[in-house]
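In structure tokens, one chain follows: the form predicted alone.
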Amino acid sequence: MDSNGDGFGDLKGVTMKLDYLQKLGVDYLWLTPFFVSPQVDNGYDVADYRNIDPRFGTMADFEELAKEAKRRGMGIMLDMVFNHTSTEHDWFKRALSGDKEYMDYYIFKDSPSDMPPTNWESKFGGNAWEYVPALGKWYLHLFDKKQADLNWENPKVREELKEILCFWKNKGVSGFRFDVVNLISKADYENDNEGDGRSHYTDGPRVHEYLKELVGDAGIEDMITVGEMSSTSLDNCIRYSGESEHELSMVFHFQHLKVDYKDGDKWSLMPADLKALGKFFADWQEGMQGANAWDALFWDNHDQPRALSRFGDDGKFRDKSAKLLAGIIHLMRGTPYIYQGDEIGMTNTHFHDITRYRDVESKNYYEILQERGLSEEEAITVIDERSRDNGRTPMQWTAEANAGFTAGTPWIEVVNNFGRINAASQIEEENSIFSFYKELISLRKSHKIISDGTISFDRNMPEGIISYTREYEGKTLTVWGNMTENEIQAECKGGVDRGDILIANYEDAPYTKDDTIALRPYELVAVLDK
């Protein structure tokens, strides 16, 4: 929400909407970075970790937000980008001046000016090394060239980052999300002859040591901490969030969001492999449970297209799809995260024009895709499906101009369906998507079987059906979700009695005395056996 009409959402705008979040039932509010930044990567290029970018407000605005959130029973979770800084950060400027102390804050390597130290690829395209003629050295940037990777091998860097956490903890912050934190320990600096380099820096040799030190020394063991884990493994996530490891409270991982990547390539489109999706949920939910580790449950975030447009139907079945996706994860084992707009069924942008996009990754890959042989039309089709801007368009508050987000010109266009998809039209509507989310949150808080129960998946369901059972103190909760636009018969031993349905996304929820249940398109049914 933009409070001052400059087109950018800001801290005062968030404070204005705390009552809305309280009505929904939110416990914690995760804010993406609002620190001083040149905004090359929407704030994930931090130039000053202790100060607020003027476009988002002042420190007084933040302190007011933290106070008002606490008054409503909500904690504030900050997004800490500790794998890299902006090249505008004072540390990096000192490094560029030749200051050896600060050069050691980053990863500089010697190599001829026409030969990068390794063949690693940046996550945003191109080589992951940038040459500095004045120094005769290259620096590593796993993301944009204006995002220089920090050297966690240097204990001074680790001390700086601990002090930053303590600074914000003293400001009233009660949780931290750590951006791409499993990339902070690099194994070596050699060519990758089989991939893009990620095997040399993902879940590196000292990452668990570094996390234990960071969390312990900063005194945040009792705070909510969540790590974003890029291309990670189940075994590592068990360590990152295992109760006995003392690292993080929970983890974000992304395998379920790669089931529509053709040959593992984000920029090659294919229909979602729903069989793989079901297997992923089963393997990871049961695997994490077996080690008493904890999942962060989500479909969407600032780096992803809208799941509703991706795995559901944002047209005819928008309402049913949105509720299905919500129910699938809210009834699982873990902590659900709702990305802004999920709770009202916001969709992808469908911009169809590269000039309307703002994301650096999308712009880079629009060019790269054409270099690979795609036409302009084919390239923009891929961008429309995959761009991170799909999840970054302004929150659709009302049917008024700019969806009520700003009185000025928004930094990026509002999706043009805000006249019918907006929060104001749903808050008091009994059968709205917003009300469904609100009910799911309430159920998690009132039913121990959802918050604390065990989970087991039925792996014999027809493709497109995700089904699992929760158990707690002799009770069972069985969930079925049809992820397709077709009616599918699923096994349902003992039948379903309407009186046992805890929640469903069709008003005429099914019941049957048979051992099968007919699940309609995008139908969700959860049955509680008392």
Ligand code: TEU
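Since this is a predicted model, take the numbers as computed values, not measurements. In case it trips you up, residue 1 is the first one in the sequence shown, and so on.
One more form of this protein, predicted in complex with this ligand, exists but is not displayed; see below.
S.K.: Among the candidate stretches 342 to 350, 446 to 454, 307 to 315, 224 to 232, which one is within 4.5 Å of this ligand in the model of the complex when only heavy atoms are counted?
M.R.: Flagged stretch: 224 to 232.
S.K.: Can Y44 be called a contact residue for this ligand in the model of the complex at 4.5 Å between heavy atoms?
M.R.: Although this ligand is absent here, Y44 would touch it in the model of the complex, with heavy atoms inside 4.5 Å.
S.K.: With the partner left out here, check for me: in the model of the complex, does some heavy atom of V81 sit within 4.5 Å of this ligand?
M.R.: Although this ligand is absent here, V81 would touch it in the model of the complex, with heavy atoms inside 4.5 Å.
S.K.: I'd like to know whether N390 contacts this ligand in the model of the complex, with contact meaning heavy atoms within 4.5 angstroms.
M.R.: No, no contact at 4.5 Å.
S.K.: May I ask you to state whether R177 is within 4.5 Å of this ligand in the model of the complex, using heavy atom distances?
M.R.: Looking in the model of the complex, residue contacts with this ligand include R177, since a heavy atom lies within 4.5 Å.
S.K.: Name the single residue among K212, K171, H302, K162 that comes within 4.5 Å of this ligand in the model of the complex, judging by heavy atoms.
M.R.: Comparing distances to this ligand in the model of the complex, the residue within 4.5 Å is H302.
S.K.: Looking at Q147, S241, S321, Q396, which has any heavy atom no more than 4.5 Å from this ligand in the model of the complex?
M.R.: Result of the distance check: Q147.
S.K.: Relative to this ligand in the model of the complex, which residues of 124 to 154 have a heavy atom no more than 4.5 Å away?
M.R.: Sequence-ordered list: F124, F143, Q147.
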